[in-house]
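Okay, so here's just one chain, in structure tokens, the form predicted on its own.
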Amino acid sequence: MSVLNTEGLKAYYIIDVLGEKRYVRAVDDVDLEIRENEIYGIAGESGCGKTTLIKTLFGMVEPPLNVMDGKVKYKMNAEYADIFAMDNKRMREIRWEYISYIPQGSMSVLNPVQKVRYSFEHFIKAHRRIRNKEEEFIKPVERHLQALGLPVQILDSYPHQLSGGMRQRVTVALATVLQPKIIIADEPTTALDVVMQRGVIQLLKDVQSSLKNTIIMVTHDMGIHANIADRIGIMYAGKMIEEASTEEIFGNPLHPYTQYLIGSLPKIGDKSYKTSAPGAPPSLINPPEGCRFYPRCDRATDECKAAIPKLVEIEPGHKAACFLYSGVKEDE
């Protein structure tokens, strides 16, 4: 059963260049079905549209970003609701309580001039009326921190007094204090060392195991996806080009781009020469006419240059957008 769906989602940045409008096709006709009680990873090179996609899933759409077409639907009260049909008041109500967002930088969430406790108080008061501060705020927050293995003393600390890893773990605790159904995490381990990365990833796994909710996590680090994700979607140049279970993505990648991603990963004991995809990603202002990967693909055919392959199920639970496996085009 899915908790979040997208249908033909197109989210473009509209920029003005010397009086002429340019469209950066960061998310271009993406269909997703995110399931209950899973960790769904989104992977791909920098600039492929990952962060734009999850911002749009969260409804965080502000100029120059515009939703050009498509829908994002949340499952609420056994029915699906299109978030772009909701007013601002309704969106404020469901954010953090139904769906929460963990951004790349912890300092963008925590107020640098206030103690951590005030960030928690602000979040909770925005959604719930607190009549008894001790019973309805202090004790629940302390229990939440203890359940996540965090010391309650951090509530009386300023963000700058905490390490980067601890700040990020506090951000995870803050995003989950209202027990949301969906958590979106954008590169939650960026700029952390390996030890701190492991702590944050384990915390996310513990949260998901405890709350039985859904986590959508973006990172370009395939090693992190291997550690945490149940399913992975591979993005390239604004499009979803492959989707499967983590085991399938790593054990049987179908799309040539995914094969390059997996093939370039270091392996213990393997001293063979590693290569990444040749060339560079295309411009999202003026992408290739056909498959967006064909200029870098050594298996491209004339069909790849002329038409865009549709993301279809090639094997049970395994989708790919590639003419090597299917002749289905996007407009069919």
Partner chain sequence: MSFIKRYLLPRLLQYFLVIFVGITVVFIVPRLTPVDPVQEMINTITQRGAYMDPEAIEQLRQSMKEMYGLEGTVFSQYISLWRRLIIGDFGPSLSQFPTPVVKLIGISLPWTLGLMLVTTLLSWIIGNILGGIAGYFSSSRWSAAIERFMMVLRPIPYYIFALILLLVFGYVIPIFPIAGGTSIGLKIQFSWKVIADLLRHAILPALSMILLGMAGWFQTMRLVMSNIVREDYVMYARAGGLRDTKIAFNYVIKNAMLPQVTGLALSLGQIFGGAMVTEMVFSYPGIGGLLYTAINAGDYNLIMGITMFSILGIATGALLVDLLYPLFDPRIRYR
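As the structure is a prediction and not an experimental result, all values here were calculated from the model. Residue numbers count along the first chain shown, from 1.
Just so you know, the form predicted in complex with the partner chain exists too; it's not on screen, but the next bit is about it.
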| property | result |
| --- | --- |
| Contacting member of Arg143, Arg198, His127, Lys133, with respect to the partner chain in the predicted complex [4.5 Å, heavy atom] | His127 |
| Listed residue that, although the partner chain is not shown, lies within 4.5 Å of it in the predicted complex (heavy atoms), from Met60, Ile285, Ala306, Ala280 | Met60 |
| Region of this chain that lies against the partner chain in the predicted complex, out of 226-234, 187-195, 117-125, 145-153 [heavy atom, 4.5 Å] | 117-125 |
| Touches the partner chain in the predicted complex: Gln161 (any heavy atom, 4.5 Å) | yes |
| Touches the partner chain in the predicted complex: Trp96 (any heavy atom, 4.5 Å) | yes |
| Partner proximity in the predicted complex: Met240 to the partner chain, non-hydrogen atom cutoff 4.5 Å | no |
| 4.5 Å heavy atom contact, Ile262 and the partner chain in the predicted complex | no |
| Within 4.5 Å of the partner chain in the predicted complex: residues from 84-103 (heavy atom criterion) | Arg92, Arg95, Trp96, Tyr101, Pro103 |
